[in-house]
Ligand code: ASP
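Consider the single chain below, provided in structure tokens and representing the form predicted on its own.
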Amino acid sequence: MKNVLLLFTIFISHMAIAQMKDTSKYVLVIHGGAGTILKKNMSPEKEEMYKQTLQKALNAGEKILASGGIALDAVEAVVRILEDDPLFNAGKGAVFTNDGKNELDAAIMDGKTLKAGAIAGVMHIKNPISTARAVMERSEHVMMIGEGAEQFAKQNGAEMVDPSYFFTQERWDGLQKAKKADSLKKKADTVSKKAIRQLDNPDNKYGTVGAVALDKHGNLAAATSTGGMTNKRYNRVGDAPIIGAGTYANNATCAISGTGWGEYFIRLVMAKTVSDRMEYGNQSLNEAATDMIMKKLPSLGGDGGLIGVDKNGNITMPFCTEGMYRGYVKSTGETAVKIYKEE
């Protein structure tokens, strides 16, 4: 009997050690949106500003992962930094709706538990990603919207700001250009559909920030935040806060954060479909993501990109636009920050 108890004790000890095992492997991938990003249209000074913020975000996330922190903490920290920088369409840099407001969306997901939290259509929360995490961890729900989400945010200690905090001249000017283009389209009822299409600026349709991570404990997480679509109406919500569309994480497969024309990402259930292709179709992360972004998405008329990391630390960053602000860092020391297609 003593021998049985001894063997059982040893077994339990080994199980506990296995659960606490530190693989020493971590990976972090981030993005700051995709679109018509051409080097010829970018000043060296602005390019450097983008790269500095992307690097700052990578450094913050890596610091957490390198010290044994969890993937959830890393992706939240990354997205908060990008939300605070007016260069990116999230938080401080959010674009304007048709009626001159900023409506923010965000989501986060834990690959270990499949728990997720999301908020949409908020206008006073400084860092939406942190409230999305609070929804996941401090409520029984997955998604909250509008005034209810803001009430929940206040009750859970979120930093609230006046809507004027989100004003940036560049985004305001972008709204005026979008309204002018919209007006021209409405007047162009005598020209072909193709000509009308050319008046549209697809870059008004997207702009997002996100992060995915694999931590030393083998857990995955994904986070995405956005200011939505320039000149949008009717409280439109895109793919970023929709679990399975713009944000998804599952320890069995991968973590995904998307950036693109949200309506198409929702219709394709983009992030979950990449995971399903891996789980049920035996595709690699890169095969699944590349086919969805480079073939399926354009075939419907959409465009954009995504970032992903799988359970083994492999990464992917496909996009079918001219550029995507992106970067990654691995525990091996391999790292990069990129903007343009040719990089």
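Numbering starts at 1 and follows the sequence shown. Every value quoted in this text rests on a predicted model; they were computed, and no experiment measured them.
Missing here is the form predicted in complex with the ligand; even so, the following discussion is about that form.
Gly117, Gly91, Gly238, Gly111 - the one with a heavy atom within 4.5 Å of the ligand in the model of the complex: Contact residue from the list: Gly238.
Contact stretch among 228-236, 157-165, 136-144, 118-126 - heavy atom within 4.5 Å of the ligand in the model of the complex: Single hit among the candidates: 228-236.
Joint contact, Gly244, Thr247 and Ser275 to the ligand in the model of the complex, by non-hydrogen atom at 4.5 Å: None of them does, since no heavy atom lies within 4.5 Å of the partner.
Exercise: Ser257 in contact with the ligand in the model of the complex, heavy atom 4.5 Å: Contact with the ligand, no.
The ligand contact at Trp261 in the model of the complex, heavy atom, 4.5 Å: Result yes; Trp261 sits at the interface with the ligand in the model of the complex.
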